[in-house]
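What follows is a single chain, given as structure tokens, in the form predicted on its own.
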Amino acid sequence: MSAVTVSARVAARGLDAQLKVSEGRVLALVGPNGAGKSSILQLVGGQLRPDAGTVTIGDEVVSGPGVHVPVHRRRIAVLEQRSLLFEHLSVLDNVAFGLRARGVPSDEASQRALTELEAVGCGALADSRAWEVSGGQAQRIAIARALATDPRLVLLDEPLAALDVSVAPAIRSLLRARVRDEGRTALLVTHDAVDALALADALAVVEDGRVVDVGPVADLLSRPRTPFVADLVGVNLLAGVASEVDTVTLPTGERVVGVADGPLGRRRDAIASFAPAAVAVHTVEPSGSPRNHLRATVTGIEPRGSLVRLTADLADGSPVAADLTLAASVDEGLVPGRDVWLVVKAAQVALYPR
């Protein structure tokens, strides 16, 4: 059963979204800035009306021709980067706010709020004012407030983006326990592969206002099919056509040999992916065992701790990244504009259908 179905267009935002979320599953939306992820969330949440099509939550059409259920009647909870707590209220009253707004008696609302606070490890803060708590505590309280009303759908809009790196892992684990592990239905917008892996069951890739790929998180992250997802997980992606069982021919005519975990099918669109750490960079074409020698031009060099991230473009403009030691980059005289050979062993290249 689909808990959420979006089949809607918003012309002003260039959005034409087709999307389904199964009951009790968490779907992560990923894609470049401006791709339409937040617009999809706003369609589902009710802040945005479609020009055409419908949005359905459960068996209820909440947006469509002649229909637009207001936000407060959709039985959803929203968790954003900012906790948005009411600073003039106590922590307990913040969590009880949604319940009281629905007419739940004060004592009952307070008891449920306290239960939710204890579930997120903030029971001792019940009498504190919102402005007295830390950022990590505020986000825990926001989670308690979001779940206290038993929403039929949870919308997570980069809930960890504003947290300190020392706090984020604990909040990520809490969200996993309270949302994914409890079988709640949720939509998650994120730019972090760790968040997607930890919190979501499935991944939807959004580009130019459309959902271009959907599948299990582990599958899409381990076999990226778009440049954005490849960048998200930190691998190089080269698209071409399968010419042999272990070979992909690129638009440049160069051939990339690798390892396929299944039949590629001759003349079928295929992808070669490999980690930047697997790429060696030479200023002259080397000889020896590596079977993949790609001609490229250096476009950038960026220090990254003890390493240097070199980027280079193939003849057709396809980018490739390589991680080198600082000494190697200096010894080879690698600077933007320099022609180089990128060498990758076949065993380190994954091949799969596009």
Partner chain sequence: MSLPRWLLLPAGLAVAFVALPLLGLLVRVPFADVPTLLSSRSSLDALGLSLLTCLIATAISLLIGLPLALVLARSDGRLAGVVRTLVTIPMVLPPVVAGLALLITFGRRGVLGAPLSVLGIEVGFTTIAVVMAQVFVAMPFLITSVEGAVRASGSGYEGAAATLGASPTHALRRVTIPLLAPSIASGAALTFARALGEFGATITFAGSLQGTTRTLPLEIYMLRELDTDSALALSLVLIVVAGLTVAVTGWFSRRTVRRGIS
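Residue numbers count along the first chain shown, from 1. Small disclaimer: the values here were computed from a predicted structure and weren't measured.
One more form of this protein, predicted together with the partner chain, exists but is not displayed; see below.
The listed set 250, 220, 174, 78 contains one residue whose heavy atoms approach the partner chain in the model of the complex to within 4.5 Å, identified as 78.
For the options 199, 146, 104, 193, the residue carrying a heavy atom within 4.5 angstroms of the partner chain in the model of the complex is 146. None of 138-146, 204-212, 157-165, 261-269 except one has non-hydrogen atoms within 4.5 angstroms of the partner chain in the model of the complex; the exception is 138-146. At a distance of at most 4.5 angstroms from the partner chain in the model of the complex, none of the three residues 19, 23 and 68 contributes a non-hydrogen atom. When contacts are judged by a 4.5 Å heavy atom cut-off, residue 97 counts as touching the partner chain in the model of the complex. Though the partner is left out of this view, residue 47 does reach within 4.5 Å of the partner chain in the model of the complex, counting heavy atoms only. Under a 4.5 angstroms non-hydrogen atom cutoff, the partner chain in the model of the complex lacks residue 282 among its neighbouring residues. The closest heavy atom approach of residue 85 to the partner chain in the model of the complex falls within 4.5 Å.
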